[in-house]
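So this first bit is one chain, no partners, the form predicted on its own, shown in structure tokens.
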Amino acid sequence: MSGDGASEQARSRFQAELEFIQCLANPNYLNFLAQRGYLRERPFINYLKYLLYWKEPEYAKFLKYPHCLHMLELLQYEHFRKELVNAQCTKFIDEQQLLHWQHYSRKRTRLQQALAEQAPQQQPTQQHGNATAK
């Protein structure tokens, strides 16, 4: 295989894994996987373990939905994988995510407002150098 072909294959694999891992942030997708038995299959579980490399900063910086890393970590546990079959569990996770995002959004907005209000107050008043130097 030529260098260009290997490079293109590596890029395609990176994009596919990036897309897949971000899907893990969606509790409804996890429920879909659990109901179809994927989360009980050893090769799939091994694949989830392999994907843990996305937690490294050099890869995590490409994630748009970093919450997927938390889900990936939870998917390493058999008990969590079994619970995802239950629609009520999935709904609970979905609601908790929404509450987290709402809290984060409000907290971030308040922080930005506070910083904007402090900015005009922190500007020092400029004095002419001639007035003080005699």
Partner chain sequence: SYDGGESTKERLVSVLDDLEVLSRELIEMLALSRTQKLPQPGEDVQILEVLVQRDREFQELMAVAQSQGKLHEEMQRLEKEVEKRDSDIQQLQKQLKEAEHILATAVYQAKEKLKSIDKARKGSVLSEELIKYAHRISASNAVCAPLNWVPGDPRRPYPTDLEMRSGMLGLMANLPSNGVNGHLPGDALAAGRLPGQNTHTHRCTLVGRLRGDAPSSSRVRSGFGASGTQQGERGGRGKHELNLIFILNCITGWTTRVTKPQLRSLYLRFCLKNVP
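Positions refer to the first chain, counted from 1. From a predicted model like this one, the values you see are computed outputs, not experimental measurements. Basically, rigid core = biggest C-alpha set you can superpose within 1.5 Å across the two forms.
There is another form of this protein, the form predicted in complex with its partner chain, and it is not shown here; the text below is about that form.
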Contact residue in the model of the complex, chosen from 80, 32, 92, 53 - any heavy atom within 4.5 Å of its partner chain: 32
4.5 Å heavy atom contact, residue 63 to its partner chain in the model of the complex: yes
Contact test in the model of the complex: residue 15 vs its partner chain, heavy atoms, 4.5 Å: yes
4.5 Å heavy atom contact, residue 108 and its partner chain in the model of the complex: yes
Its partner chain contact at residue 42 in the model of the complex, heavy atom, 4.5 Å: no
Heavy atom within 4.5 Å of its partner chain in the model of the complex - qualifying residues of 9-28: 11, 12, 14, 15, 16, 18, 19, 20, 22, 23, 25, 26, 27, 28
Residue shift check between the shown form and the other one, rigid core fit, residue 12 Cα at least 2 Å: no
